[in-house]
Ligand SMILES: O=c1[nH]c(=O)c2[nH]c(=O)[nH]c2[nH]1
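Coming up is one lone chain in structure tokens, specifically the form predicted on its own.
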Amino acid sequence: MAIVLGPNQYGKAENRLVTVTRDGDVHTIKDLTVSTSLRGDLAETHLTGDNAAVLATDTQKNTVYAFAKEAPVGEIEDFALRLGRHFVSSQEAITGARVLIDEHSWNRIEENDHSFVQGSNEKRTTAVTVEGDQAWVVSGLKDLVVLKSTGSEFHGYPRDKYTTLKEVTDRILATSVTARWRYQGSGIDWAKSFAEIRAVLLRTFAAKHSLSLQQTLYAMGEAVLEERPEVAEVRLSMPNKHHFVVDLSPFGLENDNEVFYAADRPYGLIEGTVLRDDAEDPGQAWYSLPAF
């Protein structure tokens, strides 16, 4: 039996980067968490401790900050592509780079040019993979919390001796959406595409009469693919943020879907992929990401 080194990568995780762009008295904030990872001919550092091919993770961190100064960060997809291409082109031993970026939202305080209030926990995301002279972009969002107070049912499921859940024809449906979509083609306006995909996801969640969260998930992914030709595939992870009707009968009160107990755990976790059947297989660029 032989023991060999399998796939590996290394990098600097969760570099916190904040930039201030000053256009006279008007300031703009970019708040990012940037993670870099490199792969290539790195066997010697694992097997013998020879670090001749290892670009230090501290250097990767410094590159993030230097690039933010040398040119405007711009859209997170463009910034990630700049970083990934730099690492692959500048290091002989490095054949691939993965750059992950989360963008944290800040909103300008009204009637003030340089003061901000932090937005929700929702984050815009991108994952860029560079392999040689090729690049793939997977963008998305996470922690997008949505709720509809009607228009959702759940019934018709199998029942056995352990089943206690009651069937419902009107319930609160709430979830925290994590969505990733894989781009295809070129010349994409990243900001416009993100805004319109997000709008499609929200509009479909609100409008779709739901018989299950699975049905809602598929409808959301399907709508993105129908309306956005630049997207090849969508992955969605949607925990069911349960809201249970409180039994008020001990107090002589009726509860007509008005008072609920919001349970944070345990929760149902619904995940799925919606894709074009003729989409090009991106290989490692997509499938080496966590499934959801």
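In case it trips you up, residue 1 is the first one in the sequence shown, and so on. Since we're looking at a predicted model, the values are computed, not measured.
Another form exists, predicted together with this ligand; not displayed. Remarks below refer to it.
Looking at Val117, you'd find every heavy atom of it more than 4.5 angstroms from this ligand in the model of the complex. In the model of the complex, this ligand sits within 4.5 Å of a heavy atom belonging to Gln214. Within this chain, Lys148 is remote from the site of this ligand in the model of the complex, having no heavy atom within 4.5 Å. Interface membership of Arg198, defined by any non-hydrogen atom within 4.5 Å of this ligand in the model of the complex, is ruled out. Only one of Lys208, Arg171, His104, Arg82 lies close to this ligand in the model of the complex, with a heavy atom inside 4.5 Å, and it is Arg171.
When you look in the model of the complex, the only residue of Tyr218, Trp190, Phe154, Trp136 with a non-hydrogen atom within 4.5 Å of this ligand is Phe154. The stretch in contact with this ligand in the model of the complex, judged by heavy atoms within 4.5 Å, is 163-171, chosen from 176-184, 136-144, 120-128, 163-171. Residue Ile270 is the only member of 260-277 with a non-hydrogen atom no more than 4.5 angstroms from this ligand in the model of the complex.
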